[in-house]
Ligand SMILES: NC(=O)c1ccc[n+]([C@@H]2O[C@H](COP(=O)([O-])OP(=O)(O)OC[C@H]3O[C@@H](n4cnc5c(N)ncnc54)[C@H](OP(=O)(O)O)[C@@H]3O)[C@@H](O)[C@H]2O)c1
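Coming up is one lone chain in structure tokens, specifically the form predicted on its own.
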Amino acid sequence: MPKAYVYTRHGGPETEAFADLDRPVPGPGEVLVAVRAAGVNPVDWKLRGGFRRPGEGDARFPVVLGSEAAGVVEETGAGVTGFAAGDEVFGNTPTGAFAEYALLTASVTAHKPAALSFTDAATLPVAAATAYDGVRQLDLPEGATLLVTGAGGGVGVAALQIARAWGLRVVGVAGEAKKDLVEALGAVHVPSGPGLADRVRAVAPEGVDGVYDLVGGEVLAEAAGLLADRTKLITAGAPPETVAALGGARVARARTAAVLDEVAELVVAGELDPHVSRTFPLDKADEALRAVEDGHALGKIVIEVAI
């Protein structure tokens, strides 16, 4: 039976386990893929801990971990067009990606360009697409200055590069361990920690025109104070009510195949490097998730599934 990495109840790492599950059957609007790679994201352990996305019902255990995957189409469900067995694709999965087989939502699945590896493709549906949606939502003019908090993680790394590709000046807030990475992506590094606003003003005395927050909490509040126009404050790191109280908004996710096509082309064109820092085989999925949950990962972590 196909192998998968699951959680059996809400809680911490002690709820995780490897399991042999039946091969999924694609329903209407779904594509079954043989997984070649799966991206690892903070939302994965947050869902395990009990976080629910808006509109989601109660979890039905065991739940397969993982939200994004790249692989080869095995079968398509009713009403699906544009995909056939053997196609190389990547996209979002509603039923888990840390597995030998996964179901992708056809409307948020794209064909993988030949020049894009499965490993890199698996990083795009969540982190890179979130970065793309947020930078586009801010709609800053060329030459404007964007502040990105949490700049050393998967979404932050992508946001820095997309903003640079679109002609923005970027200031990235991250820990000292991630300074070299942030600067290598063409951004001005500002160390995280108390006194953040003063350090940002020192490197951007003319001010910042937009804030893309990936941290929340006090970091979000302090960053908001740097803006004259709070409509240019967005977050993927805080609840809607928290950012709304500061005059900003959550990142509005497009969740379309068209966005996946766009970010894939940025990678192929050399304007976006997913910066996969480590890969793990499926039987080390627990270690891959710990690398992200511990908060020290540089760039993206990917699980690679052997053929």
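Residues carry their position along the shown sequence, with the first being 1. A quick note: this is a predicted structure, and the numbers were derived from the prediction, not measured.
What comes next is about the form predicted together with the named molecule, which is not displayed.
- With the partner omitted from this view, the residue of 43, 268, 59, 244 that lies near the named molecule in the predicted complex is 43 [heavy atom within 4.5 Å].
- Taking a 4.5 Å heavy atom cutoff to the named molecule in the predicted complex, the contact residue among 108, 116, 185, 219 is 219.
- Looking at residue 156, you'd find a heavy atom of it within 4.5 angstroms of the named molecule in the predicted complex.
- Looking at residue 215, you'd find a heavy atom of it within 4.5 angstroms of the named molecule in the predicted complex.
- Although the partner is absent here, residue 9 is not a contact residue: none of its heavy atoms lies within 4.5 angstroms of the named molecule in the predicted complex.
- Contact annotation for residue 152: at least one heavy atom lies within 4.5 Å of the named molecule in the predicted complex.
- Screening 71-79, 173-181, 202-210, 138-146 for residues having heavy atoms within 4.5 Å of the named molecule in the predicted complex returns a single hit, 173-181.
- In the predicted complex, every residue of the candidate spot (126, 236 and 255) has a heavy atom lying within 4.5 Å of the named molecule.
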